[in-house]
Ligand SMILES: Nc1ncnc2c1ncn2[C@@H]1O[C@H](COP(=O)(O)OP(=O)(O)OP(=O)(O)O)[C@@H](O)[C@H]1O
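Shown here is one chain on its own, the form predicted on its own, set out as C-alpha cells.
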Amino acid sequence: MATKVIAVTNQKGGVGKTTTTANLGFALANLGRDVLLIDFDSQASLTNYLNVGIKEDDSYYGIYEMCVREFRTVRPDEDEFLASCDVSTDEGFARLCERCICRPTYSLRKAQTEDGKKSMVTVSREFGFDLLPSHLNLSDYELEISSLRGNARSSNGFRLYNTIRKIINWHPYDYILIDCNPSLGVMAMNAIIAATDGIIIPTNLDLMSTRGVSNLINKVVDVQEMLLSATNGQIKHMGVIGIVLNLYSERRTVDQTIQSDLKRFYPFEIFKSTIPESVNAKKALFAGVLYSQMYGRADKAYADLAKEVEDSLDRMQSEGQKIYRIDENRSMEDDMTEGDVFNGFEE
C-alpha cells in the first residue's frame, strides 16, 4: 500500500492530539501496519509520552535536525555529524534517518523463576512503531524559516512535505502520523500541507474545544486550493478525514447532544469510536505506557478508531478530493435549539 500521511491537529490545546496520535499509531501497528509517528511540536509532548527525552541528560536527534539539514548547511562547529551528512544523496539521507528515527520502548515488571526462587524483574518492550522525536530546539527552526526572505521563504510551506517524501523513499511506511502544535502558524501549516491524505481533528466535548474547528477546516480548504493551484493539480489534499471525540461519557446527556450537533453541522465523518474518559489516562502517563495499554475500554475504542480511519481513507480515495468550506458567519451554536442549550437548567 502507498504511504498514508495524516496530521492530527487542532489549534486548541489540551484536546488530546498527542494521546490520539500515540494510541492510534499503536492500534494501527497492532493491525500489522508499519507506522512512523512524527512529533512536530517544540513542546515534545509525544516524544516524552513515549519515554524519549524524559531525562535532562538525554541526548538525541529528531525532526529538528532533519528539517534544518534540509534547508541549510550545518557547520562542523555546530554539529560534526550533521555537517558530514550530504542529504542530497540517498546514502547521506539514510544516515540522517538512521540517526534521527528511533524505536520507542516502555518498561514493565515481570515475574521470573530462577533456581526455584521467584522474583520480579523489569523488562523493556517496544510499542511497535517508529518515532521521529522533537525537542525544544524545534522552536529555533520555526524562527529560522520565518526569518527567510525571497525565494528561500517561498518554499517554507513545503519543507516538512519534502522531508517526509524523502523519508518515504528511504522506508515506505504504511502510515505516517504527525502530532501538531496547538496553533495555525507556520509549523501547523507545514504539517497540514505535508498530510495530503487528510487530517484528523481530536476535540473534547465542550464549546471552547469545538468552537475553533470551523476555522481549522477552512485553513485546510485554503491548503487544498493552494496545492491545486501551485502544482497544477498534481498534488491533491484529501482534507478532513474526521473528528475524534475525546473524554466522552455515554452517561452525560450533554456529550450525546454535542455529538449529535457535530454530526448535523459538519459535512464529514464524526467517528463513531469515541474515546472514554477515565482516570486510567493519567495512570498510564505516570506508568510510561499508553492509555490503550492501561484501560481495556480505551484499547477497544482506539482499535475501532483505527479500523474506521482505514475505512474512511479507502472511501475518500475512491470518491476523490472534496472541498468543504464552512460558512464563517455561521456557528454550531446557531444550529442548537433552545432545548439543547437549556435542557436541565433552572434558575
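Residue numbers run from 1 along the displayed sequence. What you see is a predicted model, and the numbers here were worked out from it, not measured in a lab.
A second form of this protein, the form predicted in complex with the ligand, is not displayed here; the remarks below concern that form.
Using a 4.5 angstroms threshold between heavy atoms, L31 stays clear of the ligand in the predicted complex. The ligand in the predicted complex comes within 4.5 Å of a heavy atom belonging to A281. Taking non-hydrogen atoms only, N48 never approaches the ligand to within 4.5 angstroms in the predicted complex. In the predicted complex, I275 approaches the ligand with a heavy atom inside 4.5 Å. Heavy atoms within 4.5 Å of the ligand in the predicted complex belong, among the stretches 317 to 325, 37 to 45, 304 to 312, 64 to 72, to residues of 37 to 45. Note on the partner interface in the predicted complex: the residue among T163, N246, T196, S209 having a heavy atom within 4.5 angstroms of the ligand is N246.
Looking at 6 to 36, the residues that come within 4.5 Å of the ligand in the predicted complex, counting any heavy atom, are K12, G13, G14, V15, G16, K17, T18, T19.
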